[in-house]
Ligand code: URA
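So this first bit is one chain, no partners, the form predicted on its own, shown in structure tokens.
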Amino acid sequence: MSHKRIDAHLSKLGYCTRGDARKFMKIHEIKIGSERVYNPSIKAKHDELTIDNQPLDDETLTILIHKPSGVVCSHDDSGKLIYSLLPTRWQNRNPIFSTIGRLDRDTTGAILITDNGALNHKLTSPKSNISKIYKVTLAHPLKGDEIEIFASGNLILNGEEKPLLPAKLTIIDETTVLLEIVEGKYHQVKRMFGAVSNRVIALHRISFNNFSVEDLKEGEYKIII
């Protein structure tokens, strides 16, 4: 862990800009160990610094968030962006946060947000085979053969050349199911049910890679890494 200027630490973690660091250090108690400092050009290690007797935020953060309906997983789309649910200083971190994959505007549930580019790449790689469990509400009753079709590994979606990997369907009632998939193709769950002549009317992702949002209310989040 290298020594960096205090203003570089503060700006990277979103506490303030480098230009505002001196003012920030007058308002907030910045210490190296037990000694308060006021000069933003002083160099220190990340874990040596405290702000108002609290350790600095971690150098990288990965957050599980329970995405509400109507929120967009984008930096530049119209409407309410998912990053607006986070504290302001987290929104100002450099590098910026990005979602690991996406959920549609009307889909709720588990999504990870990180500023760790290597982790994001790893978990979004087609080779990752990350488990994702969805609760699906359907427009029409099940026909009865969906479990076998989804588990077969032979289902080819419209516009695709390769069949989907096997997926596990668990029936709750005739129009409500749990679906576990290990891929992340565009609109995959909706397209899978379209392929068996049904339509998804509500979609909620319960978990991503064993990180569940069942203990979080919509809009709530927690640091997981």
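Values in this document were obtained by computation on a predicted structure and should not be read as measured data. The first residue of the shown sequence is 1; numbering continues from there.
Note that the form predicted in complex with uracil (URA) isn't included here; everything after this is about it.
Looking at 96 to 104, 115 to 123, 79 to 87, 138 to 146, the stretch with residues near uracil (URA) in the predicted bound form, meaning non-hydrogen atoms within 4.5 angstroms, turns out to be 96 to 104. For the chain shown alone, L203 is a contact residue for uracil (URA) in the predicted bound form, at least one non-hydrogen atom being within 4.5 angstroms. Proximity of V189 to uracil (URA) in the predicted bound form: non-hydrogen atoms within 4.5 Å are present.
None of the heavy atoms of F150 is located within 4.5 Å of uracil (URA) in the predicted bound form.
Shown without its partner, the chain has no residue in segment 2 to 31 with a non-hydrogen atom within 4.5 angstroms of uracil (URA) in the predicted bound form.
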